[in-house]
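Here you get one chain, nothing else, as structure tokens; it is the form predicted on its own.
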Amino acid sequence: MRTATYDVVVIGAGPVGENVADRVVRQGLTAAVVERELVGGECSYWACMPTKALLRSEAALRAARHLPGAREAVTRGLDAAAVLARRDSFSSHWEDDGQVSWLQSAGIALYRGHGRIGSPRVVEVSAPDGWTTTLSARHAVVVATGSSALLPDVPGLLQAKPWTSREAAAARAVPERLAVIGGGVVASEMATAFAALGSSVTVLARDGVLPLAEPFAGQRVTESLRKAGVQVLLGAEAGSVKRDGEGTVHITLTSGEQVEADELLVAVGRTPNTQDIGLDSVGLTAGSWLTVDDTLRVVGGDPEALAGRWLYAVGDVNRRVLLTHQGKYQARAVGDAIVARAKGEPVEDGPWGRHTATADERVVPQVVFTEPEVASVGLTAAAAEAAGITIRVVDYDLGAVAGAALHADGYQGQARMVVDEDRKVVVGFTLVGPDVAELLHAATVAIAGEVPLDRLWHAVPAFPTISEVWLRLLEVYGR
């Protein structure tokens, strides 16, 4: 049995846990992180980085094909092997030496193994070599264990050994036929990627494509997928699954229709990685999402065990927003809050305070790297209305902007601005079109800063860029 004491102990060394530890160490505290898999987490090896690497080559090729002069220089399609090799490099070949080196340089201690909360402020680490290390935290324990793919209770599904987002992101070969259960971000992006790499793809989208986005976004992505040869079955639901002795997956829909594939990707949601981290030792339910307050301290549980409010949860596990960049934002707020409390300094826990994650509520940016890209921030029109906001929706044809016409022949897209009519500020913004991802941050700043529409007129977009859509939207809205 080994023992050690730190100011802060973080369970989970993904980007969220790393950022918490870095934040507190930079301000004079000591920190240790516990990781049972690869340092760097889901985003580095099985999500953000490898999936976007899979998608980028086709996006570049598509852009060239929409420009005369460049189009004529394109003489062949994608080289799947080269795309997979580039993906491997962005996943660091599933080795975490570089991330471990960074932890060491930052002065953060790393303990490899499975971390469990054993008692108040104590984390027990079971290492692969059989050793157990007991880590005591003077000020805080932070749960940053992320989430895993949810597998629905469909007869035969588990026995068929389906892909989750991990297997899709790390695929060693391109299947001839790929079926996808789900219509959300992961399902849409992976359908886009594997169709471009040569798979015959079928998407079973029970709730539609991108059902949480503005309706026009899902419609445009659906049309594009179908144009690329993807069979999109809206409203389709898997009733049972079976993989035969030759490896073929047979999916029987609730309608009775049959779908066959060589591989099946399930992308219907996430479940928290909290099943075996000792939550029961402090009166919380194993396997549950963790509820937090405005400064991301865990609420509930055993009041005596959690006396002093020493337990925090950041990233996916608190279910506020399941996005890496938002988890890192939470990590910065948590790190600063822990330091403030440790030093007896005031905690700014009001809206937009330094120690709160206010943006989680209404200023969450997200890009879906499909064709076309979908970039959004804030509330959809439906969500704003449901929140009781009096809104006006302003739409504009993105292809009618001069910069878009220059960007690509036949550019097609749409922009939507959702305005709070009482406060005259933007509360939602969605862009759909080629290469709109880099336009999103302007909208994020406008919403987070609650910039009045009258002031936005003075933010003049450069001509000829696609950002001129801001001027066009304001013109449609009127002064």
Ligand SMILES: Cc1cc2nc3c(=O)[nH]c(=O)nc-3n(C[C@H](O)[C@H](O)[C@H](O)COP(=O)(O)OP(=O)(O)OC[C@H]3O[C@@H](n4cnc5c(N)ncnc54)[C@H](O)[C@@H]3O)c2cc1C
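Residue indices: 1-based, along the sequence shown. What you see is a predicted model; the values in this text were computed from it and never measured.
Another form exists, predicted together with this ligand; not displayed. Remarks below refer to it.
Here the marked residues K52, T145 and V186 all reach this ligand in the model of the complex, each with a heavy atom within 4.5 angstroms. The partner is not drawn, yet in the model of the complex one stretch among 152 to 160, 108 to 116, 400 to 408, 197 to 205 has residues with heavy atoms inside 4.5 Å of this ligand: 108 to 116. In the model of the complex, no heavy atom of L453 sits within 4.5 Å of this ligand. Using a 4.5 angstroms limit between non-hydrogen atoms, G413 is distant from this ligand in the model of the complex.
In the model of the complex, E58 stays away from this ligand, with no heavy atom inside 4.5 Å.
Using a 4.5 angstroms threshold between heavy atoms, I277 counts as touching this ligand in the model of the complex. The single contact residue among T356, T380, T192, S165, judged by any heavy atom lying within 4.5 Å of this ligand in the model of the complex, is S165. Shown without its partner, this chain lists R362, K242, H325, R332 as candidates; in the model of the complex, only H325 has a non-hydrogen atom within 4.5 angstroms of this ligand. If you take 28 to 43 and check each residue for a heavy atom within 4.5 Å of this ligand in the model of the complex, you get V34, E35, R36, E37, L38, G41, E42, C43, in sequence order.
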